[in-house]
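Shown next as structure tokens: one chain only, the form predicted alone.
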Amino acid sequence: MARLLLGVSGGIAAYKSLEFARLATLAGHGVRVLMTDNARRFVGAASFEGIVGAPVLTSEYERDPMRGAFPGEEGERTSHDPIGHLELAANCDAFLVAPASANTIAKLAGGFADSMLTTSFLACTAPRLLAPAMNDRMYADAATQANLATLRERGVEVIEPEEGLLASRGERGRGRLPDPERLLARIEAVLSGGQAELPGVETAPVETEATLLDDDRGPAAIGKPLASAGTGPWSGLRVMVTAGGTREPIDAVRFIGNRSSGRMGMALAAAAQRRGAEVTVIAANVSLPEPAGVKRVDVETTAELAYETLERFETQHVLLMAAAPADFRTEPITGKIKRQDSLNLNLQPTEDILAQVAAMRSESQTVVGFAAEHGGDAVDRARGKLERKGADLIVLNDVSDPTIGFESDENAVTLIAATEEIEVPKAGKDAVAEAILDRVDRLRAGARTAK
């Protein structure tokens, strides 16, 4: 167990620090939290206290009821009341500030000590890490970059922010706080003597009792504890499932879509969760509840599905693309189109999500696509899709049979890989999901053997 000191400064990304605290606690670490006054405008101290089981401190003049101790430590550390910001800083094994706002970064670079967070940071001799999070223009400003350079020169590790959608509506750029899993993986690597993490570079595995490791399960996940500690043959794997069908708006009430219900995707998510994986399902217009223990992200359009899938793909070991994205979109018309004898729509192709993720995957990632075909030479068309998209496996669903697929609780599929075709006879979708995951297991085992 490590004693982690978490400093939370003001910023909308502070909500991610709650998840970091939860993951670190689940991984067996003792966590204490320091907050600035501005941070409390975004998240409450009570939320952190409920997660870590220890009081949150916001002022250097505030008495620490635990006298500098961390959760999991027995008995009193001292026979007197120590100075709070000195005692916590002296007792921690690492100090992470996440999110680190531009204002807090400037104060730390200047050596200011005007809050519990900044005074403790100044007094800390353990490894210190910062995770900046702010608008991309603030992050790129010369003052912020100079302050970060100063802190790096003093031995502070800066965990670079990620690029993506920002808090400001419609803005995208570099300034997003990294996912809590990455933050925890980084701090554990530092504690074990690991090298600095660089974008796209694999971090050395961290051998701790609370960390699930497998060198063959993807560079982004090595050394990262799971958000839910599953047990089973897939324990340590991260699995992402897309489910349902996307909708492309025509006007305020109409859309282009398909009949996919999401049942197959939810069955796959449940099967992967039963095997011990940490599962995320991206649900496109799915009315079904997600399985217990599965994280859910709801989307509507193909563009939203593409964004959420590509944004998360790097940290996944297995991607099961069971969703049915609309193949075309049109420029939506404001309001509702009045009834008329004819209507011409200019249709444009949507994103090819499967081809994009297959092109960017690493050797340790497995990508499974799905093909809904209608009779005829369905197998040949599905094999052509396998070759064009570059997936590891295509699950063919022949929707010409009205008793399977879509709204049905049963399905029958053909699993098409590079060198074989396996027929899965008609059965409940839970059983079909298990057959698909069995084939994925063999694919991954073969990839490891080939190394």
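Small disclaimer: the values here were computed from a predicted structure and weren't measured. Note that residue numbering begins at 1 and tracks the sequence as displayed.
One more form of this protein should be noted, the form predicted in complex with cytidine-5'-triphosphate, which is absent from this view; the next part is about it.
Proximity to cytidine-5'-triphosphate in the predicted bound form, taken as heavy atoms within 4.5 Å, picks out 322-330 from the listed stretches 97-105, 322-330, 276-284, 184-192. Although cytidine-5'-triphosphate is omitted here, in the predicted bound form all of Ile353, Gly369 and Lys389 have a heavy atom within 4.5 Å of it.
Only one of Glu163, Glu311, Asp93, Glu373 lies close to cytidine-5'-triphosphate in the predicted bound form, with a heavy atom inside 4.5 Å, and it is Glu373.
Remark: Arg383 does not count among the residues lining cytidine-5'-triphosphate in the predicted bound form, judged by a heavy atom distance of 4.5 Å or less.
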